[in-house]
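Just the one chain here, the form predicted on its own, laid out as structure tokens.
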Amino acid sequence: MLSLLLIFMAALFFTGIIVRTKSLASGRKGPGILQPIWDVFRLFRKGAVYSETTSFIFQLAPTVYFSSVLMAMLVVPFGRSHGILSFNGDFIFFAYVLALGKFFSIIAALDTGSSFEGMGASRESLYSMFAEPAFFILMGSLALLSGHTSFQEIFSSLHIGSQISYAMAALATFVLLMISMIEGSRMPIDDPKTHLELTMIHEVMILDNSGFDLGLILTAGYLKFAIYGALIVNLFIGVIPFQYAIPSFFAIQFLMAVAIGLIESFMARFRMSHNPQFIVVLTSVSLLIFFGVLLILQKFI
């Protein structure tokens, strides 16, 4: 329950910190940190408009997408505190319950009959498919190192002390940060502020969503960032007392949001043909973590 509350609290500020960081980097004051949340509240008070070409799938998809993110939150632990759901192999459940929500968002985009939304759905599915091996190699490596297969037991068994373990933690942080940006459709993979359909990915998929449905989709995106931030936090806090772990949670979430804001401020978006290459590189980084685990366990002959 503690991890659930902390993720909700972090999600309130995460996107606002990204926007404020980008504003300060460009010499502007920018909106308030809570402005994205006020925008969502405004959407929740509006009704949704549905095209005559769509079916019930389009109306159902935002709810399924939001529910999948909530279900994924339930298995994320916080230090010594278990997630509401905790079982062996729960990181597999985490990955594929998020994939279920992504699947419904993709078929909802196809349901509109729009060639642009279909193009965005194709790109979204391709990038998610390329990011999946990196996540599973990373979590499989940590499971091999710890001897456990649940999130809470994996993270609580990690001991960051040697040079190899520090390098592995840094690489794991990089992989999870990049996966969060791919799943959140941020730079340098996608530009959330673009309005050119030929270069849009996630944004073009939700062009037909409005009102309450759009609010659910945006809220799910904010929560997803905080979820991946919570996984990064768990790499470092281990089983330290809560009076130190909770400030560390918000500090790392803040640094993650600032890092994303700086990346979006000073990096250009990749060309579409370069995106798959960059995402596949994450799998190579995860393989480095796997080899590091083999070194620690002395599995090399």
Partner chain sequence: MEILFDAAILNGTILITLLSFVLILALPRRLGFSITMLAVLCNSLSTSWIAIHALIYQPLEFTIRFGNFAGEVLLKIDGLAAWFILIINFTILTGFFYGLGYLKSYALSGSKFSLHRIMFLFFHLSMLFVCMIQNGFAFLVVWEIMSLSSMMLVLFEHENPGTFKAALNYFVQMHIGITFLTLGFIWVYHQTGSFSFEAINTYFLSNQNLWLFLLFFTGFGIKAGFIPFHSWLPHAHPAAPAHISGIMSGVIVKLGIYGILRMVTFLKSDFLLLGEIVITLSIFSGIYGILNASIHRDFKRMLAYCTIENIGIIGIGIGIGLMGIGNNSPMMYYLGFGGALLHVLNHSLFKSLLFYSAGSVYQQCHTKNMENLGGLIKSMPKTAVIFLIGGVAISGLPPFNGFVSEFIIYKGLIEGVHSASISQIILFVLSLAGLSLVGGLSVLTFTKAFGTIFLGQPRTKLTHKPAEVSLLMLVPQYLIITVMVSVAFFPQVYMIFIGNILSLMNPLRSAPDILTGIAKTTSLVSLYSLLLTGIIVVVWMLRSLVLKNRSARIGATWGCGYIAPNSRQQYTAKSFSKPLGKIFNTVLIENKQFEELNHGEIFPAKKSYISHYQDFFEHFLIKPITDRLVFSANYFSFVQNGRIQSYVLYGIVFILAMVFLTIFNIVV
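Positions refer to the first chain, counted from 1. The shown structure was predicted, so the numbers you read here are calculated from the model rather than taken from an experiment.
Keep in mind that the form predicted together with the partner chain is not shown, yet the notes after this line are about it.
For the residues 268, 34, 57, 255, the 4.5 Å heavy atom test against the partner chain in the model of the complex is passed only by 57. Against the partner chain in the model of the complex, the set 49, 122 and 130 is in full contact: each member has a heavy atom within 4.5 Å. In the model of the complex, the partner chain stays beyond 4.5 Å of every heavy atom belonging to residue 190. Looking at residue 44, you'd find a heavy atom of it within 4.5 angstroms of the partner chain in the model of the complex. Contact annotation: residue 166 falls outside 4.5 Å of the partner chain in the model of the complex, judged by heavy atom distances. When the partner chain is considered in the model of the complex, residue 174 lies well away from it, no heavy atom lying within 4.5 Å. Just one listed stretch, out of 166 to 174, 182 to 190, 92 to 100, 218 to 226, contacts the partner chain in the model of the complex at the 4.5 Å heavy atom level, and that stretch is 92 to 100.
Scanning 63 to 78 for heavy atoms within 4.5 Å of the partner chain in the model of the complex gives 63, 64, 66, 67, 68, 70, 71, 74 in sequence order.
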